[in-house]
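Taking the form predicted alone, here's one chain by itself in structure tokens.
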Amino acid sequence: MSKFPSYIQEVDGELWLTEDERDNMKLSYRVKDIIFAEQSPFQHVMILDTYDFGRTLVLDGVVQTTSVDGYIYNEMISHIPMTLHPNPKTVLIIGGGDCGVAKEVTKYDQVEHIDMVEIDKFVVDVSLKYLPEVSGNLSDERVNFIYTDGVKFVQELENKYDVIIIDSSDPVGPAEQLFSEEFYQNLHKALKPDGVMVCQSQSPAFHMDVTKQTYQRINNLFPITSIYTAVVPTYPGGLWSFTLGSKKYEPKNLGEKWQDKSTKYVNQGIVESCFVLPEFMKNNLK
């Protein structure tokens, strides 16, 4: 039996993580060291030190975030909805076990309470201990960790949150429910009358079916629905999409509302331009 998880292979004395992205594509990362590897009650959790992306969180063999570019995704999924809402006081984060999203949300002084719902406490503990570049050693009394199923958590909620951020993994296995129509209906109900929600909606290059389905389902519920993008080098295809549903606020002239939050990627220009979509996306979303 190999001393390494099946996702790790030794080639010519070097360790490689190989991620099966799809039938026709595999992604491989050269690994300096396995910092942590253990099975949680839900999934296999690893922290790897990689050559190009630094410390990396890997769940069931799939890269989730890295110390080199994780901030791009976390900033984009956090600051766009937080900038759109004029006074976000109550925030719900579903997923986000690496704590990167929660770290960004705590930069808003007006926020009074953050519920972070993550099914796997193991991921949170490991990220706080071994991945400080992403988690920021998160320690903020406004963050309330709730270790349960996010789908079930929102079923009975009504009129509670100003902003909801869905930081889900790919829509396979348990995470598939986080892309369902019923789940989005429950999110709509859990938001206040002027609430805003956002979720990641996969790669427009490789997963346009998921991107389009997510957009359509949210558009059926919210009077204002918009897709925006960012380039995240770690993620397959690079170009990544986020779908935003708003009950009241239009993301127009959003750059004018931007206030500096000590970010590494997001700035006024990014906030303003991220909703400009490539032609192939606009055509596919019609």
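The model shown is predicted, which means the values in this text are computed figures rather than measured ones. Start at 1 and count along the sequence shown; that's the residue number.
Quick note: we don't show the form predicted together with another copy of the chain, though the next part is all about it.
When contacts are defined as a non-hydrogen atom within 4.5 Å, none of Tyr184, Pro193 and Lys247 contacts another copy of the chain in the model of the complex.
The candidate stretches are 214-222, 22-30, 59-67, 37-45, and the one lying within 4.5 Å of another copy of the chain in the model of the complex by heavy atoms is 22-30.
A residue is said to contact a partner when one of its heavy atoms sits within 4.5 Å of a partner heavy atom; Asp52 meets this definition for another copy of the chain in the model of the complex. Not displayed here, another copy of the chain is kept clear of Pro251 by more than 4.5 Å at the level of heavy atoms in the model of the complex.
Another copy of the chain in the model of the complex is approached by Phe206, whose closest heavy atom lies within 4.5 angstroms of it. Although the partner is absent here, Tyr108 is not a contact residue: none of its heavy atoms lies within 4.5 angstroms of another copy of the chain in the model of the complex. Residues of 234-270 placing a heavy atom within 4.5 Å of another copy of the chain in the model of the complex, in sequence order: Gly237, Gly238, Leu239, Thr263, Lys264, Tyr265, Val266, Asn267, Gly269, Ile270.
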